[in-house]
Every structure is written in structure tokens, then in C-alpha cells.
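So this first bit is one chain, no partners, the form predicted on its own, shown in C-alpha cells.
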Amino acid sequence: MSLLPGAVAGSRLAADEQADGRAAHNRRRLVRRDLGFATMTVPALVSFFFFTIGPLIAVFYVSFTDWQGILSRPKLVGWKNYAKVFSDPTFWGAGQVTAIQVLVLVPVLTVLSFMLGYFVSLKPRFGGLLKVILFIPALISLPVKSMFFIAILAPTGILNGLLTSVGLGDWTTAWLANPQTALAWVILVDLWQGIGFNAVLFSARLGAIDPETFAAAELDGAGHWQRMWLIAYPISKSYFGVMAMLQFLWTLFGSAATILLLTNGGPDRATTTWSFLLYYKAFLSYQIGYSQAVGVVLIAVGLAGMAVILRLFRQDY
């Protein structure tokens, strides 16, 4: 019987050693697994550095140079490009056009897309066909869209022909060559090509909401408007913010292509935005340092706008 405590102690020691061995084995297995996951991220990280971080660093560097094109050697000039940008009336005029475009297009497009997406999420009759129709503008290439709207808005185009045929010939004008109407039509074209695509994305998010939530609200007497803005919107508020942020970034950085094909920044710079000014200075005027200084301003405005939008639409439900 005197050997019993020693045997018990020995068995406990053996059990502890086995437990330690299993724990060490599990730790090694987790380390190998994490190492495998980390290894798989290397291509993405390398790609992110070369195609995102690298170009960003290049933008900042080039903005401090006087560079007339690839065949010339860049020369460091310090802050001269920024001084030139901020003293240039063209830059401030483009800033006003950019502000109008962003402040009109982003809220209108996001709100209308949300409302249309809510309707689609209710699975109406022929809902699948409706999604296809809404998605069509996103499938058409930008040059084709531009030619389509030029055919409508040209001085002898479809719109002026319709106005003349119904006795409103005095209303006809060169819509894309009139400083008072050109920017409005550029915004309308962006709305046409963006609402359907965003509505389909909103419908996918709203379709994930439990139908019993809407059913309970309907029993309490809530109509579609109340269910849309008092239930669907609070539940998907953060998603709404992400969509608004993406549209803001696209408008800020990507609207130059539409402007180039429709108006080329005119008439009288009425549609020249910061993104189009960047393109014009870099590829047509060969003032690459100036253009990249504008690019740095765009990046700063984009980051500030992202922070504000994400703050405004932070999920609190």
C-alpha cells in the first residue's frame, strides 16, 4: 500500500507529460497552418504593393518634379507644382464643377438605387427580368453609351427632333455644347448607367432581411414607405454607407472617361472636373508634375470624403 501514492504520482506525471505533448503538437500544427495561410497571401501582398502602394508613392514623387513626358528626364522642383495648382483659376473652377457633380450625383443615385433595390427585393412579378433590364447599362461599353447619348443630344439629334415635332422648337439647343446644360446631362448619363447596377446590389442586401420583420411591421400598419426607411434602411445602414462611399470615389476619380467622350471638358470648361483636369494636364499638356499634384489633392479629398461618409452611415442598429 505504501507504493500507491508513488504510482498515482507517476500516473499523474505521465498524464501531464502526455497533455503537454498534445498541446505542443497542437501549437506546432497551428503554427504550420498559420504559416501556410500567410504563404498563400504573399502573391496578393506583392501584387497590392506593386499595383497600389507603388503607384501611390510614384504619384507623390512625380508631384515634386518638372516632367514633360517619358522621353524627358524628371527634375525635382519641390513645392512649385502645388503652388502653381493652388494659384490656378482653372483648378478652382474644376473644383467647383467636381463639388456640384459629387453633391448632386452621389446622394441622388444612392437614394434612388436604394428605393429601386427595395422594390426588387420584394420579388415582384417578373422580378428576374427586371434585374436583367436594370443590369443592361452596366454591360454596355462606355464608348457605345456615349455615342448613344450624343445621337440623342446632338443639335440635330433625337431630343431636338422630338421637341420640334411637338411645337417646342424654341427649347432646342446644343445640349452638350451649352454651358448651362452640359454638366446636367453628364450627371444624367452617370445616373442612367449607375442606378440599375446599384439597385441590383441593394436588392441582394435587402433580400437577406428576415421577411418576418416586414410582415410584423405590416401587421402594425406600416406602409411600404415606412418599411423602406424605418426598417430596411436602419438594418442596412452600413451597407448604404459603403455604396455611397464607392459611388463617391467613382465620381471623384472615374468620371473623366464619360466627360472625355461626351464634352471633352467643355464647353468653356463647364464640365472640367479635377479628374478630367488631371488627364488633360498629363496626356495632352504634358505637365505631368502638375497633374500628379492634382492627383495628390484628389487622394486627400477622397480619404476625407470616405471618412465622413463612413462616419455618417456607421451602423447603430
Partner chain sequence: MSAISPARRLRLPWYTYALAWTYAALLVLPLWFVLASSFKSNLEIFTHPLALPASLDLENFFEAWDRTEMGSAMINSFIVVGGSLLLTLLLAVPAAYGLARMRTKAGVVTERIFSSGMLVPGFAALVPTVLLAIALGLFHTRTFLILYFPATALPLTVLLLTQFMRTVPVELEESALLDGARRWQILRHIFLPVVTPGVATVTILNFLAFWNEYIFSMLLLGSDARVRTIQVAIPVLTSLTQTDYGILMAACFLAMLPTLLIYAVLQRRLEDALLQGAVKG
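Keep in mind that what you see is a predicted model, and the values were worked out from it rather than measured. Between two forms, the rigid core is the largest collection of C-alphas that superpose within 1.5 Å. Positions refer to the first chain, counted from 1.
The form predicted together with the partner chain is left out here; the points below concern that form.
Peer 1: Can Ser275 be called a contact residue for the partner chain in the predicted complex at 4.5 Å between heavy atoms?
Peer 2: Ser275: yes, in contact with the partner chain in the predicted complex.
Peer 1: Consider Gly207 of the chain shown here, and say whether it contacts the partner chain in the predicted complex, taking contact as heavy atoms within 4.5 Å.
Peer 2: Gly207: contacts the partner chain in the predicted complex.
Peer 1: Would Pro234 count as touching the partner chain in the predicted complex under a 4.5 Å heavy atom rule?
Peer 2: Heavy-atom contact with the partner chain at 4.5 Å: absent for Pro234.
Peer 1: Given that the partner chain is not shown alongside this chain, does Gly78 nevertheless sit within 4.5 Å of it in the predicted complex, heavy atom to heavy atom?
Peer 2: Answer no; every heavy atom of Gly78 is more than 4.5 Å from the partner chain in the predicted complex.
Peer 1: Going by heavy atom distances of 4.5 angstroms or less, which of Thr156, Gln180, Ser87, Gln96 would be at the interface with the partner chain in the predicted complex?
Peer 2: Among Thr156, Gln180, Ser87, Gln96, a heavy atom within 4.5 Å of the partner chain in the predicted complex occurs only for Thr156.
Peer 1: Could you work out which of Ala174, Leu191, Ala184, Val102 is the residue within 4.5 angstroms of the partner chain in the predicted complex, going by heavy atoms?
Peer 2: So the residue touching the partner chain in the predicted complex, by this definition, is Leu191.
Peer 1: Can all three of Gly167, Ala270 and Phe313 be found with a heavy atom no more than 4.5 Å from the partner chain in the predicted complex?
Peer 2: No, the whole trio is out of contact, none within 4.5 Å by any heavy atom.
Peer 1: Is any part of 38 to 54 within 4.5 angstroms of the partner chain in the predicted complex by a non-hydrogen atom, and which residues would that be?
Peer 2: Ala38, Met40, Thr41, Pro43, Ala44, Leu45, Ser47, Phe48, Phe49, Phe50, Phe51, Thr52, Ile53 sit within 4.5 Å of the partner.
Peer 1: After superposing the rigid core, is the C-alpha displacement of Val31 2 Å or more between the shown form and the other one?
Peer 2: Comparing forms between the shown form and the other one, the Val31 CA shifts at least 2 Å.
Peer 1: Once the core is aligned, does Pro43 move its Cα by at least 2 Å between the shown form and the other one?
Peer 2: After core superposition, the displacement of the Pro43 C-alpha between the shown form and the other one reaches the 2 Å mark, so yes.
Peer 1: Compare the position of the CA of Thr52 between the shown form and the other one after a rigid core fit and state whether the shift reaches 2 Å.
Peer 2: It does, since the Thr52 C-alpha is displaced 2 Å or more between the shown form and the other one after the core fit.
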